[in-house]
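For reference, the chain that follows is the form predicted alone, supplied as structure tokens.
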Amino acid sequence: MTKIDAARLWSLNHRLLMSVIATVAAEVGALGLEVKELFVLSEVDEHPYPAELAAALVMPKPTMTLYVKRLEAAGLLRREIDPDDLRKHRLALTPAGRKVMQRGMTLLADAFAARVGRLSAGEQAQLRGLLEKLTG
């Protein structure tokens, strides 16, 4: 059996993801966002606390703070007092933030779908299964 070159697999995966991101970067920019800010918005519902959000996105906390401040200033994100712990602030998307996030994620999904569309239905199912196994 041939030994798998893990570094090559990582490189191919990285190249695929970065090429998809590059494909939509200008359109995401036209929405008033950097691609990383889009990822921040897309994770707020699942990870509403800034430190938790930074961990989920593998981003330094100070960087997350900058993104949160910028997104707040743009009216896309707001901080709310956590009713369960008045010492904590939760993040929430504003209606404008949700709209921009949904549009940006559609751009990314469509660009990725174009790449995945090169695979047969069976290959797509196999890819999904493998990715779920690797990320689970």
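Quantities reported herein were computed from a predicted structural model and do not represent experimental measurements. One rule holds for the numbers: they count along the sequence shown, beginning at 1.
Just so you know, the form predicted in complex with the DNA exists too; it's not on screen, but the next bit is about it.
Contact check for residue 73: every heavy atom lies farther than 4.5 Å from the DNA in the predicted complex. Contact check for residue 95: no non-hydrogen atom falls within 4.5 Å of the DNA in the predicted complex. In the predicted complex, the DNA stays beyond 4.5 Å of every heavy atom belonging to residue 102. Residue contact with the DNA in the predicted complex: residue 56 places no heavy atom within 4.5 Å of it.
A heavy atom within 4.5 Å of the DNA in the predicted complex is found for exactly one of 66, 35, 109, 31: 66. Looking at 44-81, the residues that come within 4.5 Å of the DNA in the predicted complex, counting any heavy atom, are 49, 50, 51, 60, 61, 62, 63, 65, 66, 67, 69, 70, 79.
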